[in-house]
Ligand SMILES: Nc1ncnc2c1ncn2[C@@H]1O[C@H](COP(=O)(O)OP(=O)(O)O)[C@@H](O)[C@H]1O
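Next up: just one chain, as structure tokens, the form predicted alone.
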């Protein structure tokens, strides 16, 4: 895959870290889905939000992005709440890609046209980096699952975000697409973009994570550098998860 640095400029503004989360809770009726999470993330690179299904990983991602309001607690990106101004500096890619019913190229054009002259060249660079240039005239809805996810990621990166948030971007896609996406994420991180990646795939976490947040039943049980977490997790659920056991 071509180097993503050829497709996207270096970050033009400062990444809004630290991300400070204090006493974060989210409840639906009488059920607590996010339970008093407090954490400060000030590290560059890729922070992986790890845990079994139902741990609250995707919900936590949406809360820190500002898509939904917490029931209690506070979220600050470099001292500011996740308001519209902050969200414009971020891009969120969902597990199920949300694409326009247009061609592959037109999906990228949608976010690049406001930039004015030269956007087509930039679009073609982006599609090359994502391995989608040969499919530029295909309807997006007819792409494979892996191709759709790569297009969703390419469109997110076309906005030149300071922060990229991803919710299980490689779930249910083929190994080749997973490798391309992981390579693109590593290249993007190397350019200075902060990445927060939700996954329940321990192998992917081992390959990509610089640090790990481990969630279980809506609680943050651990936050540590990836190497320390993988070698010596501090909680029994995390150890069981790393060992490949079913964690209830």
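No experiment lies behind these values; they were computed from the predicted model shown. Residue numbers count along the first chain shown, from 1.
The form predicted in complex with this ligand exists for this protein as well; it is not shown, and the discussion that follows is about that form.
Taken together, 52, 55 and 59 are fully in contact with this ligand in the model of the complex: each brings a heavy atom within 4.5 Å. With the partner omitted from this view, the residue of 202, 39, 33, 179 that lies near this ligand in the model of the complex is 33 [heavy atom within 4.5 Å]. The chain is drawn here without this ligand; in the model of the complex, the stretch among 25 to 33, 205 to 213, 40 to 48, 188 to 196 whose residues come within 4.5 Å of it by any heavy atom is 25 to 33.
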